[in-house]
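As structure tokens, one chain now follows by itself in the form predicted alone.
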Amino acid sequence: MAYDFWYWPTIAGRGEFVRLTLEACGIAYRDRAREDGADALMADIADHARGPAFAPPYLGMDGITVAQTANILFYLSERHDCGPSGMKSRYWLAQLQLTIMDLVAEAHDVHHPIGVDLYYEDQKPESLRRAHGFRHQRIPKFLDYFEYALQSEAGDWLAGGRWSYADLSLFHLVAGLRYSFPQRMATLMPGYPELDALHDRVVALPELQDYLSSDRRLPFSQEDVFRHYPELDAP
């Protein structure tokens, strides 16, 4: 059975964290909004009678909906044996994923600090102020934690001997920050060798080679969660 995966069809966004796990774990799915369009997504989410999702991304199967990025990834890991089986590692990875999504939300709010209903140009002065604190305080604070998390476990991955959804998500987070803040990340990343090496290990995973080289992996864009505005970046 293939999952119905629902997310906006033209951006990577938060849905990309889910796609990476679906692809790397070889889980069958249909990317429904890319097949049927955004109107189909809106119609589907409006039709949820039980356990409705607040917003995409979400999975649909057998009348059940699983939503929220971190929750979806935890579900897939449990259901498809695509991660560590020990209780400590399972909840450790869930904790890390939730922290990753916290930083994703902060990265988004740099270019939309007042409200998502306003264009970036309508809140540019506030974005400039927000970006300064994000570059100099928030990015290093989170990267310090992720570097420490990688150092705390033996092996190449967050849970030790095998990659997990959290490793894939951390790869995409680093890629997104490099797109949004190339100057700042070029300054910071030499101080995070474990994180830099993890990014490169995920790029080299055999399970992801087909996906990463395909048009199924959408590029970052100015409509996405991660956006590059040169005026918001600095070393």
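Counting begins at 1, following the sequence as shown. Keep in mind it's a predicted model, so treat the numbers as computed, not measured.
Another form, the form predicted together with a further copy of the same chain, is not on view; read the next lines as being about it.
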Partner-free chain; cross-checking a further copy of the same chain in the predicted bound form, the single residue of 48, 178, 199, 34 with a heavy atom within 4.5 Å is 48
None of 26, 182, 193, 52 but one has a heavy atom within 4.5 Å of a further copy of the same chain in the predicted bound form; the exception is 52
Even though the partner isn't displayed, in the predicted bound form is residue 156 close enough to a further copy of the same chain, meaning a heavy atom within 4.5 Å? no
Test of understanding: in the predicted bound form, would residue 163 fall inside 4.5 Å of a further copy of the same chain by heavy atoms? no
Give a yes or no for residue 41: in the predicted bound form, does one of its heavy atoms lie within 4.5 Å of a heavy atom belonging to a further copy of the same chain? no
If you check in the predicted bound form, is residue 188 within 4.5 Å of a further copy of the same chain, heavy atoms only? no
Looking at a further copy of the same chain in the predicted bound form, which residues in 46 to 68 have at least one heavy atom within 4.5 Å of it? 48, 52, 53, 54, 63, 64, 65, 66, 67, 68
